[in-house]
Ligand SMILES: Cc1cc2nc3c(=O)[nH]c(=O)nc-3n(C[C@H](O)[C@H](O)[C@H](O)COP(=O)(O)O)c2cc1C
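This document opens with one chain alone, in structure tokens, the form predicted alone.
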Amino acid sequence: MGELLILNGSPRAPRSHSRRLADLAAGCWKGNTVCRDILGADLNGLCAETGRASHVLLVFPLYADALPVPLLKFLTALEESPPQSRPVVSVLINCGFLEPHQNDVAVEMVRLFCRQNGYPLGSALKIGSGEAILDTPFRFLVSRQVRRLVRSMSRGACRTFSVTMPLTRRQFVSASTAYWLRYGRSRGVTKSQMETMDIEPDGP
């Protein structure tokens, strides 16, 4: 089955939702697994490590309908310092929208990179409904699809999977609003503060 290198491309890597998804995937792979956070890593070292793996799984959140900056920087470094051996590249992406298809453009960006740089295309899992899904009764839906993704990768297939909460848009907006209000209160942030466009308080 070979070695699986899981690369977490989240800008919040150590405490991110992507890290939790990466851990789920690692637990499903039958062979050797190595997990790395791209944020703050030696990119040249990651490029070399990529060449020693048979499979690479890129795990990341959707940012502005595209790839987050840490992942973009890694792909740039990989293009400039390609390994001699090209692993199969698969994708596990999550977004804050209810619809998994919101991830389509970002997945195609990775696939375009692979085609242009000679990396075999693996499988993809697109997750909708935001990071709260792992803390709801719908967690089993994600776990099941992650297992399907990893099985597909191990068989050398190129398949696309998707999953989201089985809610209407109105239900999702209501539930997600309640989630973020609770999240804000747990950190001393009020609803009015969350609704403002100010990111940081004005300086002296």
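The shown structure was predicted, so the numbers you read here are calculated from the model rather than taken from an experiment. Counting begins at 1, following the sequence as shown.
Omitted here: the form predicted in complex with the ligand. The next part is about that form.
When contacts are judged by a 4.5 Å heavy atom cut-off, L62 counts as touching the ligand in the predicted bound form. Contact check for P83: every heavy atom lies farther than 4.5 Å from the ligand in the predicted bound form.
Although the partner is absent here, C95 is a contact residue: one of its heavy atoms lies within 4.5 angstroms of the ligand in the predicted bound form. Contact check for P87: every heavy atom lies farther than 4.5 Å from the ligand in the predicted bound form. Stretch-level contact analysis of 28-36, 137-145, 62-70, 160-168 against the ligand in the predicted bound form, using heavy atoms and a 4.5 Å limit, identifies 62-70. Contacts with the ligand in the predicted bound form, taken as any heavy atom within 4.5 Å, map within 12-35 to R12, S16, H17, S18.
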